[in-house]
Every structure is written in C-alpha cells, then in structure tokens.
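Coming up is one lone chain in structure tokens, specifically the form predicted alone.
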C-alpha cells in the first residue's frame, strides 16, 4: 500500500493557457478548436456572447477569439463589456466583412489583431501566441501590484507619510521639517519603510509609490 504524504506530492501544474472562441458558426468553432488543440492549447467554445458571460473565466493565461458579428450583440460592443468586467482578456477579432473603420475602432479599444476570413492557420496561431503572452504579462503585473498594496498596508500611518514625502523627492531634513520630527527619527522611519516594502533602493521605493498612486510631487 502506498502512503501519500504532502512531502511526496508533486507540485501542482500551472493551468494550461486557454483560448476562448465565440462564434455562432459551429463548423468554424470546431475547426479552430482542432487547430488550437494541435499545438497543446486548452479551448473553450461558445456560440454567443451570453453563453460566455454566464461561464466562469479560466484561472490561466487566456485570450478571446471573437467574431465581430454575433447574435444579440456586436463584437465591438461585447469588447467594451469584457473590458469593464473581471473577465477582461486580450481579444482577436474575426470578420467575414473587411471594414477599415471597424478594424480601427477594435484596435484602438485594445484588440490584439483583426483577421479577415478566410485567414491562414499560422496567422491565427501567431495572433493567439501574442495575446496569451500579453495576458500572462498583465497577470504578473497585477499580482505584483497587489503584493505592493499588501506590503503598504503593513506600514504605520507615520511610515506611510514618510514614504510619500521621501518618494516625492524630499531629503530627510526636508521631510523632518515638514512633519515636525527630528532628522534621525525620519531616518529610522525611512529604514522601516524600506524593510517592510522589501525595497532594495530609493528608486525601487519610488516605483512602488507610483504603482500605489501616491502622486505627491515636490513643491
């Protein structure tokens, strides 16, 4: 009998990158599914925007391959809905009707690509690769920002005040004068801030302040 322990359990595999296809043409959905699965991607298929909105988005790098003309809602309107929701992800549009103004609008709203049917398989795979990498980088940036916010919440009110002033460009002496503390006390608070925020340098701390949107500038 094999004993299963936490120490022998292999680490959980990272969720597979997922391509979500929304198109009311079942034959095209299945063809795209076969294409994406042939290169090792996970695929979810939906016949309408409503079906996708009712589903739970995958917790993995993901992108949306979307027909510009859908029953019930246009692909461009759906793009706006997706962008304003927790399901936000990179979008690749497909259309059987080449329309330059429509393309421009989609790209300005953040679409990764706009492919006119019939498109080459390689063009679609290239677009999906770009979109999944974009989503992976965005997810990493979002996690980093969340980590910074969590660290910031560990600071005392005084430490937050010192961080804001120091990262605005003020020297310790100027910070001390502004908040009526001794310079040595400001240095102590600054040291605590650097340690708690895991900042390796002042430049590192300034970048964190920008992420937090502290927005204080030197007068």
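Since the structure is predicted, the reported quantities are computational estimates derived from the model, not experimental observations. The term rigid core refers to the most C-alpha atoms you can superpose between the two forms while keeping them within 1.5 Å. Positions refer to the first chain, counted from 1.
Only in words, not in the display: the form predicted in complex with the DNA, which the text now covers.
- Although the partner is absent here, residue 54 sits far enough away that none of its heavy atoms falls within 4.5 Å of the DNA in the predicted complex.
- Put simply, residue 191 is close to the DNA in the predicted complex: some heavy atom of it is within 4.5 Å.
- Contact check for residue 183: a heavy atom falls within 4.5 Å of the DNA in the predicted complex.
- In the predicted complex, the DNA lies farther than 4.5 Å from every heavy atom of residue 42.
- Only one of the listed residues (171, 151, 177, 164) places a non-hydrogen atom within 4.5 angstroms of the DNA in the predicted complex, and that residue is 171.
- Heavy atoms within 4.5 Å of the DNA in the predicted complex map, among the stretches 155 to 163, 61 to 69, 29 to 37, 44 to 52, onto 155 to 163 alone.
- Residues of 109 to 137 that come within 4.5 Å of the DNA in the predicted complex, judged by any heavy atom, do not exist; none qualify.
- Residue 205 is among the residues whose C-alpha shifts by 2 Å or more between the shown form and the other one once the rigid core is aligned.
- The rigid-core alignment places the CA of residue 160 2 Å or more apart between the shown form and the other one.
- Positional change of residue 176 between the shown form and the other one reaches 2 Å or more at the C-alpha, relative to the superposed core.
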